[in-house]
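This document opens with one chain alone, in structure tokens, the form predicted on its own.
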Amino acid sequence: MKWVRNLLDNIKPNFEKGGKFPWLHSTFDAFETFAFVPKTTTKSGAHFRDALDMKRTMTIVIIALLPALLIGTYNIGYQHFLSLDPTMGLFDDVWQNLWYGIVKILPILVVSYGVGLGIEFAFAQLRGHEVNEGYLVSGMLIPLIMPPDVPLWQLTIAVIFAVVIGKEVFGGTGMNFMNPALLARAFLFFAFPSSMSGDKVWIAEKADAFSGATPLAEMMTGGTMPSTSILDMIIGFMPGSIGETSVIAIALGAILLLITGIGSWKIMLSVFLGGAAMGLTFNMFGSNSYTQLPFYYHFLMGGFMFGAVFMATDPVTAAQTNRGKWIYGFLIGVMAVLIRVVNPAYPEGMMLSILLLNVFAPLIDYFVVDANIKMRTKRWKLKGGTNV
């Protein structure tokens, strides 16, 4: 890699003040710091340093997403060819399934990163700021929560909306109060509902005679139990969004996030506790087949687990206090199951529940901090403290 370092050092003066392209400094800096650790150091004051900077953090999250991406890619091809031949076995033609999935998902990834990073670079140049790294993860998350046959022009509009309206107008990475990837999904759902709902959109180019309904869609239409087996739900071979179908793949990503300390175990656990609490409540008092669905099915269907691991734990939009994380995650789980069961027009409640709690996360932290201040003040007075 020494030759790369030498090349960057040789052309760097062209992008600095007095060079040929000073207006492209932010763009050059983005590529340089992505390849190498920045050489900049603080000039004054005391600072605590960590070996893990933002770019490396984003890289770990992307690595955690790779199992879901790989299984999702294979599942795209498998579901397609299964619709054409219902007798097809899971591993009858591995390379055919995988290649078909690659052909379908590659344009989605290109559009997501191309459009999103293009906007990020443009805003950085206009502001004269460094290019933020946050979209490295959002660019991967957006394809994974999309149907495999999402129209690329619709995806382009959704990415523009998510990055510009959901992020850049608030100042960029670290300033947004809602998850950009979920905003892209929400925009598509409300602007182009035919591309995000129904059973036909979850399988790329499926045969007309093949239903291909997701487990959530089956329950929405009055099913007593999903036709997909629990084993298929756990492994991930069922219709659904590209990266949301495999519990195993998502669990592998969760383990990496927890080991590295990037993902909050408090939020993950509390999301599942909230979902279980709401599911058991429906089991006790519900009157239809959906309310009687065993609570753990909600964890296996739709985007519940993917949202709990990768979306709810977003450090920018989640609650920051320890107690607030428990409250925040628990309410996400409760609202996800509540929206699924009570609102038949929208079977997937995880997206809306996370976006709703993104909005209320600062308020949750406010009340947690305020309660802590009052408790400390009361304890101080009981010990005989006096105002200064």
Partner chain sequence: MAEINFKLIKNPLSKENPITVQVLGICSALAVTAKLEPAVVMSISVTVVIIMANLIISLLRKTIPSRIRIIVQLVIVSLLVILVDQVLKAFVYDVSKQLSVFVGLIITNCIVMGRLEAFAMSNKPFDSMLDGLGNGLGYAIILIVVGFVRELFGSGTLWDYPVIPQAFYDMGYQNNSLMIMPPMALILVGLIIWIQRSRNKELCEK
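Since the model is a prediction, treat every value here as computed from it, not as a measurement. Numbering follows the first chain given and starts at 1.
One more form of this protein should be noted, the form predicted together with the partner chain, which is absent from this view; the next part is about it.
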| item | value |
| --- | --- |
| Residue 202 within 4.5 Å of the partner chain in the predicted complex, heavy atoms | no |
| Heavy atom of residue 96 within 4.5 Å of the partner chain in the predicted complex | no |
| Residue 287: touches the partner chain in the predicted complex, heavy atom cutoff 4.5 angstroms | no |
| In the predicted complex, residue 169 touching the partner chain (heavy atom, 4.5 Å) | yes |
| Per-stretch contact check against the partner chain in the predicted complex, the hit in 296-304, 152-160, 277-285, 86-94 (non-hydrogen atom, 4.5 angstroms) | 152-160 |
| Position in contact with the partner chain when the complex is considered in the predicted complex, options 194, 292, 229, 221, heavy atoms within 4.5 Å | 194 |
| Contact residue in the predicted complex, chosen from 273, 316, 165, 252 - any heavy atom within 4.5 Å of the partner chain | 165 |
